[in-house]
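In the block that follows, a single chain appears as structure tokens, in the form predicted alone.
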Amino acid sequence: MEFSTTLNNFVGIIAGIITTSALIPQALKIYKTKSAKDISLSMFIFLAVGIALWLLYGILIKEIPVILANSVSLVIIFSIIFMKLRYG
């Protein structure tokens, strides 16, 4: 039972790192170019709402991998939304 829980958490953490990392190149590109004209604001707002709900779900089921991945994702998504509003 213990090995299964450890494996589940490991898989969850790796999945969270990979999916959260997928947002970083977009955030860096916007930051470097100071341009977000090709970014869909509505897409990132929908994504933020969905990720916030995943975070809430993680809190409700007390799963650290879900909580960590979605917390970090939200920070990156909010930074992208902020840059979209700033650099349009």
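The first residue of the shown sequence is 1; numbering continues from there. What you are looking at is a predicted structure, and each value in this text was computed from that prediction instead of being measured.
The following text describes the form predicted together with a further copy of the same chain, which does not appear among the structures shown.
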| Any of the heavy atoms of Ser71 lying within 4.5 Å of a further copy of the same chain in the predicted bound form? | no
| said: With the partner left out here, check for me: in the predicted bound form, does some heavy atom of Trp54 sit within 4.5 Å of a further copy of the same chain? | reply: yes
| Heavy atom to heavy atom, is Thr19 within 4.5 Å of a further copy of the same chain in the predicted bound form? | yes
| Contact of Val75 with a further copy of the same chain in the predicted bound form (heavy atom, 4.5 Å) | no
| field | Heavy atom within 4.5 Å of a further copy of the same chain in the predicted bound form - qualifying residues of 28 to 65 | value | Lys29, Ser35, Ala36, Lys37, Asp38, Ile39, Ser40, Ser42, Met43, Phe44, Phe46, Leu47, Val49, Gly50, Ile51, Leu53, Trp54, Leu56, Tyr57, Leu60, Ile61, Glu63, Pro65
